[in-house]
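Below sits a lone chain in C-alpha cells, taken as the form predicted alone.
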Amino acid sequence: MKKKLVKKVLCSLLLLLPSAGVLAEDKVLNVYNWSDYIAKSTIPGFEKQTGVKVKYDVYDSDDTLQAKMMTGRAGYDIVVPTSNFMAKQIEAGIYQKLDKSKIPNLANLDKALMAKIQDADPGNAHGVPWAYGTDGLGYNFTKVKAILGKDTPLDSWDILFDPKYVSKLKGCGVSVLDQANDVFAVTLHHLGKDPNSKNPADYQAAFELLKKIRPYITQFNSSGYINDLANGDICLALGWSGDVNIAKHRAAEAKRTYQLGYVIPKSGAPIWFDVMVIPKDAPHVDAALKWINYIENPEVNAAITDEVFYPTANAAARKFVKPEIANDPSIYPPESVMKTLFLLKPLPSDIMRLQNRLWTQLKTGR
C-alpha cells in the first residue's frame, strides 16, 4: 500500500512539472550571413548578454543562400537574404512570421526605409533589415587617372560599359560582382531599360553589351575583390558600397600610397536591403528573436556600421556612428543621390532562370 501511495504522489508531482522542452532555453544560435558583414564585438557581446553560443557561417551570393535554403533542413536560425530574393523565398513558405512582441527594438527602425521593402515583405511580417547599400564603381583612383587621364569623368557607367575605357584598364585589373541579378540590373539601367524588366528580349540586349566588355573583365568575384582592391591587384570594380569602403580602409591601414574610393554613377544605381529572417524549420527560434532584438540595439547596430561601412535602417543608431562615417556620402547617400537610386525587386522565376543561363554563358564564353 505504501509503495502504491508513493507512486501516485510521484506521478502527480511529475504532471505538475513543465516538460523538459519547456524548461530548456536555447543555448545555441546558428547564423548564416554575408562575408565581411559584422563587427568583431557583435558575437561576443551577444554571447555575454544572453549565454547563447553563436555558430556563424558566411556566403558571398544570394544564389548560394537560396540553393541551401531550398533544399530544406539547412539547420540555420538566422539567414540574411537580399530583399528581392527574400520575396520569392517568402512565397515558397521557407520563412516564418516574426513574433514582434519579443523584438521591442523594432521601435528604432526608420519607417520610411521599412516601407521600401514592403513590396518584398508585406507588413514587414517576416524580416528585419541587417543593412542596406548600393551597387557602384570602386576605383583605385591613382591608377585609373594615370591611365585614362585626370579629366576623365569617373561618375559614369561608361567607364565599365564602354570598351574605349574599360579596355585600357584590363592591365590593372577589372572585377565584376559574381551576382547575375545585380549585374543585369545595372546593365539594363545603362541601356535605358527597366532594371527590373520582365521582358526576355531586354536581357538578351544586356547580354550582348556584356559580351562586348567580357574580354576586359579579369575576374568575377563577390568577396575576394575587397582585398584585391586594397592590395592594388585590381583598379576597377563593379562592387557593393560597403565592400569598397572596407578596401579603402584596409589600404589606409596598410599605408598604401594609392587612393581608393567608391562612386555612385550620376545616372543612378541599385539600392538593396539585406534582411534577417528566421527559417520555418529553425531549431532555436527564441535565440533567433533575441539575436534580432540585440542587433537592433542602437549601439550594437552602430558598431557594425563603423566596421563594415554599410548603413542600416536603424534610425536611432546613426547618432552612435562615427561622425566621419555618418557624414560620408558614399555610405549614407544624400537625398539628391537617393532620388536617383532604384530598388532591386523580385523577378519571375522564368526571368531568373534566363539570367542564370546567360550569366553562365558570359563567364564561360560558351
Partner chain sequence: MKSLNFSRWFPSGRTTVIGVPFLFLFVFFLLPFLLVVGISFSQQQLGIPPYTPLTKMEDDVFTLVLNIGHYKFMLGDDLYFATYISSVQMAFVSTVLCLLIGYPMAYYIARASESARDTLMMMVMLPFWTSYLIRVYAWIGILKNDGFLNQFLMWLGVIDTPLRLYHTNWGVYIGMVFSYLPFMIMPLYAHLVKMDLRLLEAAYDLGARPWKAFVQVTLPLSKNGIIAGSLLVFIPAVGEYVIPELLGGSDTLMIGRVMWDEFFNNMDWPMAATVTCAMVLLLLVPMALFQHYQAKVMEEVK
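Residue numbers count along the first chain shown, from 1. Computed from a predicted structure; not experimentally measured.
The form predicted in complex with the partner chain exists for this protein as well; it is not shown, and the discussion that follows is about that form.
Proximity to the partner chain in the model of the complex, defined as a heavy atom within 4.5 Å, holds among 125, 92, 146, 113 only for 92. Comment: the partner chain is not present in this chain, but in the model of the complex one of 72, 104, 192, 153 has a heavy atom within 4.5 Å of it, namely 72. Remark: of stretches 293-301, 307-315, 56-64, 325-333, the one touching the partner chain in the model of the complex is 56-64 (heavy atom within 4.5 Å). The putative spot formed by 27, 99 and 345 is not touched by the partner chain in the model of the complex; no residue has a non-hydrogen atom within 4.5 angstroms of it. In the model of the complex, at least one heavy atom of residue 233 sits within 4.5 Å of a heavy atom of the partner chain. Contact between residue 141 and the partner chain in the model of the complex is not found at the 4.5 Å heavy atom cutoff. When the partner chain is considered in the model of the complex, residue 88 lines it closely, a heavy atom lying within 4.5 Å. At a distance threshold of 4.5 angstroms between non-hydrogen atoms, residue 214 is in contact with the partner chain in the model of the complex. The single residue of 334-354 lying near the partner chain in the model of the complex is 353, the criterion being any heavy atom within 4.5 Å.
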